[in-house]
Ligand code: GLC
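Take a look at this one chain, the form predicted on its own, written out in structure tokens.
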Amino acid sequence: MAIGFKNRALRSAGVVALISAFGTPLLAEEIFIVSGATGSDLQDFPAIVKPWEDKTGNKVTVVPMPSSTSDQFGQYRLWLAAGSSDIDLYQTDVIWAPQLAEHFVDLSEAAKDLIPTEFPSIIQSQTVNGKLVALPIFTDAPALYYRKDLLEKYGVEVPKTWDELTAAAQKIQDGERAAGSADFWGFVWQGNAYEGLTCNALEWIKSFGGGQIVEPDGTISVNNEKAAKALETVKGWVGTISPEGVLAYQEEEARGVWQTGNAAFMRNWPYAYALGNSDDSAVKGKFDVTTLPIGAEGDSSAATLGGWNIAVSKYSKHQDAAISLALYLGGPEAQKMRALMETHLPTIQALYDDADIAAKAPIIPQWKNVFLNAVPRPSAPTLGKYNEVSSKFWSAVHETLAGNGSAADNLAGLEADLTDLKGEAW
């Protein structure tokens, strides 16, 4: 599948001949980057990339994509399978490296000075068969957002278990509705049938001691009593402390309810922190964040490891410029700008001690230990089959939450499906 960009012919004709009086190319090359970023991320990108454009004389054009990561991945596969040269760089989810590696340039040598500054686990997540196929630009781990003013108003402690959260959300919701806020909800999260539900459900199951869907050694572990208990607990939220429409929510729908002041708790990624404190936010200065709850005493909090990376297409006709841009986007200057402008967690260790970041985005140093201990989705053990694993998992979870079968029955069916998909080996 090709894209008919107007300026692509100019690119293929060669380097632009316009030269300034100082010998610097005014427009050396036009580099196309595809990204699923939305909202402020998309709006901020021109400012983030401008220093590189000014230094190199190149121009960067963003090709926007749907916000759903599942839709993005499907489109990426179409372009890459066709060997399209229309896209020079791809912004990729942390889980996509094993599935798309064959289409990307090995950045190991180009990034040899940058790699030692990164958290090793994040570099490892983008390394396939010894090749660094994408450079991290920011990492992610979700938080429990809570209205500190409402917790104080109703005498509620910050919940440490999911049962405590359920009780706190119900108490605050009842009180706010009695006071006239008919649209107020206790807890909003991401329940749509997409990759985001895989992230949420992995956290629920892991925090109840129910494993990681597929364990690092490839064992299918999802069909167990603790996993079923986790899903049945969440099922009880739908229509009580969470709106029935939560089963169609992605990140932005949850944030929309939260940021208008209509929720006591929200599960979301760090990007929502800065937006929640913007001047037009109804919750500015009224909230804080904490680690996601646990199932019971002895369990541990689980936050799905997220994050985004930048990969250079091996089909690009402008690989040198594309690699240069990838190094910039993954480097300290751009990562600091993302941290300050978008509250994105850096992957460069030194930035967690940066005074500017600590002052503007205190959530960032607070989350250092959270994401270091975050739970990964099972993309590494399931390799190229991860997308199907995740799709079957979120479908089974969504069916359960929608009331179509019990958690135990749906997880048993999921185990059978995953066993067939695995075959002799992942």
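The first residue of the shown sequence is 1; numbering continues from there. Here the structure is a predicted model, which is why all the values come from computation and not from measurement.
Below: the form predicted together with alpha-D-glucopyranose (GLC), not depicted.
With respect to alpha-D-glucopyranose (GLC) in the predicted bound form, the three residues I95, G196 and W269 uniformly fall within 4.5 angstroms at the level of their nearest heavy atom. Contact annotation: W308 falls within 4.5 Å of alpha-D-glucopyranose (GLC) in the predicted bound form, judged by heavy atom distances. In the predicted bound form, alpha-D-glucopyranose (GLC) lies farther than 4.5 Å from every heavy atom of D354. In the predicted bound form, at least one heavy atom of T69 sits within 4.5 Å of a heavy atom of alpha-D-glucopyranose (GLC). In the predicted bound form, none of the heavy atoms of E176 sits within 4.5 Å of a heavy atom of alpha-D-glucopyranose (GLC). Contact annotation: of the candidates E118, E342, D86, E251, the single residue with a non-hydrogen atom within 4.5 angstroms of alpha-D-glucopyranose (GLC) in the predicted bound form is E251.
Stretch-level contact check against alpha-D-glucopyranose (GLC) in the predicted bound form with heavy atoms at 4.5 Å: of 240-248, 86-94, 213-221, 154-162, the positive one is 86-94.
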